[in-house]
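Heads up, the chain below is alone and in the form predicted on its own; it's given as structure tokens.
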Amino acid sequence: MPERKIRVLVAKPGLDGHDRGAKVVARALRDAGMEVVYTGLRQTPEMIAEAALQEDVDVVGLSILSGAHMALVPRVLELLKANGQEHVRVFVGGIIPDEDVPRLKEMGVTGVYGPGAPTEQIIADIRAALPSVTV
């Protein structure tokens, strides 16, 4: 079976207008050999799920600094499931209070990262979550 790159969609849901962290992560993933699609600022959950479907991604990375993660993440997960994309791994980065991390993981989020998280850890976690896909 031919090797293929891990495909990642990096998205900024909601009204948050700061995307430096998302761009840093997207660049690190690309440098690690992954194919990365960055959707840009102010995406709705519907736009993100549709882009994930159209781009046939393995991973969706959500960057949320607005505090709306407990509303936005469940909606993205719900829409991915509705699209038949239960296999897509979801990672969340941004300002996420520690007490919300277990709840997000119970919903199906694979990894949660705060500001300053090492990009090497994010890369390693994505690869570990997708052992059948090679970079």
Partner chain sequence: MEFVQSVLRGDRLALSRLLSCVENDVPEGRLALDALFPYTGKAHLIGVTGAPGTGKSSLVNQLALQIRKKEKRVAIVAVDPSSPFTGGAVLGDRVRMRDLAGDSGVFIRSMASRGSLGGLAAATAAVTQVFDAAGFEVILIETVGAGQSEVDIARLAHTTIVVEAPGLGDDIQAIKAGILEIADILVINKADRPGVETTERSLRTMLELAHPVRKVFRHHGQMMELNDGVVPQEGLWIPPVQRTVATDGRGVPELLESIERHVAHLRANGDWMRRERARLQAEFDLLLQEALVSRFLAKIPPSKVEGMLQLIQERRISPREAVYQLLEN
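Residue numbers count along the first chain shown, from 1. On a predicted model such as this, the values are computed, not experimentally measured, just so you know.
What comes next is about the form predicted in complex with the partner chain, which is not displayed.
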item	value
Contacting member of Leu53, Leu65, Leu104, Leu79, with respect to the partner chain in the predicted complex [4.5 Å, heavy atom]	Leu53
Touches the partner chain in the predicted complex: Pro97 (any heavy atom, 4.5 Å)	no
The partner chain contact at Tyr38 in the predicted complex, heavy atom, 4.5 Å	yes
The partner chain contact at Gln85 in the predicted complex, heavy atom, 4.5 Å	yes
The partner chain contact in the predicted complex: Gln43, any heavy atom under 4.5 Å	yes
Which of 43-51, 104-112, 89-97, 70-78 sits within 4.5 Å of the partner chain in the predicted complex, heavy atom basis	43-51
Contact set, 4-23 vs the partner chain in the predicted complex - heavy atom within 4.5 angstroms	Arg4, Lys5, Arg7
